[in-house]
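Starting off, we have a lone chain in the form predicted on its own, written out as structure tokens.
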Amino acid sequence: MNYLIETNSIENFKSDLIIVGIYSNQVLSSTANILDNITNGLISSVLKRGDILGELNDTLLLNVIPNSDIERILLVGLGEQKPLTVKNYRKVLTASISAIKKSRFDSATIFLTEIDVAKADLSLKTRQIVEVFEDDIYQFNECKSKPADEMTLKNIVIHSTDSVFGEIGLAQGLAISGGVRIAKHLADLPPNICTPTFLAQQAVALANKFQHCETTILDVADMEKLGMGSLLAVTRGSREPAKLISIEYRGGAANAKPIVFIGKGLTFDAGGISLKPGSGMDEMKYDMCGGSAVLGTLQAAAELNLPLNIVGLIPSTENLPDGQACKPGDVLISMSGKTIEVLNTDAEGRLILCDTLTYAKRFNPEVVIDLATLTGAVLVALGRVPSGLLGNDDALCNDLISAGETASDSVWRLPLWEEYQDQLKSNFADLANIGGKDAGTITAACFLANFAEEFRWAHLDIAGTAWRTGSAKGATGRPVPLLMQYLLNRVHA
């Protein structure tokens, strides 16, 4: 889709389609009112018939506009006449693109940046248009012999009262939606294509694309030299060689400490010897959504040339049953020297993340944020609306909460209290890799906290938000918008 910022008033427009809003009391938005006058009361007459009431997300397409250079008008309901929340604004945008994406015309002009949205300036409203539209039109066609029909809609003109703020929002929206797209695409690929080696190749290609990026790939021999016994134990059941992917983006001062993102990159998780049930196991290709989101975030940050230093680390492997696979009862020696008793091989994400957290220390990070589809327990606790957030630093966690509210990519913080560490005690090692059936999301984070004691750290459990299931099955690209908003906030702090 092509996007363009336009500042001309509605009186001078020629367009295949104009998108304007109306409120539930049938009050027209500013541009809708002007359009009504231009079209000799056409919109008012439609409202009198009751064809659209203006309730939130209502839509009505007017296909015939007499004596006008505007061929169609889409009316979109805004609900009560008061500032919209960012989430409701996004719902309005989703209703808009859903109503027109199958129509047979080339371009549309959207006048919804004029709508009052709480805590959102013109650039954020513009950015949300691009993000929502791109998310809605995304299709995974790579593995289909007959791809879905392409849309005829190719151009979106976004009306703005200020070209500078409009262009800022457009640039951010394109970068973030591009990052979301790569995160979704990699996650949606089947696991026989998106292997650890394939994921590493994508990281190399990303670094080659941008001037300030460099990728280093550690293979099994490298990890053996580093003593990553925990990470390597997970890969023993797979014929696909494990990779530890490191992407360094150097956009800040040479002496500035980096922000480190760690993304779990399990390209397929059968549970290992603690085999998962067969039903729904196909969705375990999404166990690498943390890794794909790190790639998407690094791409978006590089696209915007952010003046920050950022490191992305992606431990990537498969978790499969095999004669050499890690077994319940095994004791592993992690890179940190801490020993781990494996009580369940399906709690493998924390085993690859803990060694990566230890590895992250060599970058002397300012903060470390890991993101992982780590526990089914987070769905029980929070459902599929927010991602779970835990961490050892209140300021960092508060920054992520604030960024999530702005980006409409929400998180909810859970406690990381010392009492939960008791559930990880082992008779045979320094700690066990699971803490029992209670507080599964919390004890998983408590496990990781043992390897993050030397830096400011936050953990995002995205098992409920990284992909949709059912008829709408597919990756969401979260939490790329959250992480990008966090980075943008850091730039403008």
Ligand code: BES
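The first residue of the sequence shown is number 1, and the count goes up from there. These figures come from a predicted structure and were not determined experimentally.
The next section is about a form of this same protein that is not shown, the form predicted in complex with the named molecule.
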Look at the stretches 70 to 78, 406 to 414, 338 to 346, 215 to 223 and give the one with heavy atoms within 4.5 Å of the named molecule in the model of the complex.
338 to 346
Does residue 118 make contact with the named molecule in the model of the complex, using a 4.5 Å heavy atom cut-off?
no
In the model of the complex, does residue 361 have a heavy atom within 4.5 Å of the named molecule?
no
Find out whether any non-hydrogen atom of residue 451 is located within 4.5 angstroms of the named molecule in the model of the complex, and reply yes or no.
no
Any non-hydrogen atom of residue 424 within 4.5 angstroms of the named molecule in the model of the complex:
no
Counting non-hydrogen atoms within 4.5 angstroms of the named molecule in the model of the complex, say which of 126, 230, 317, 373 makes the cut.
373
Could you work out which of 156, 182, 308, 377 is the residue within 4.5 angstroms of the named molecule in the model of the complex, going by heavy atoms?
377
Select from 450 to 468 the residues with a non-hydrogen atom within 4.5 Å of the named molecule in the model of the complex and write them out in sequence order.
463, 467
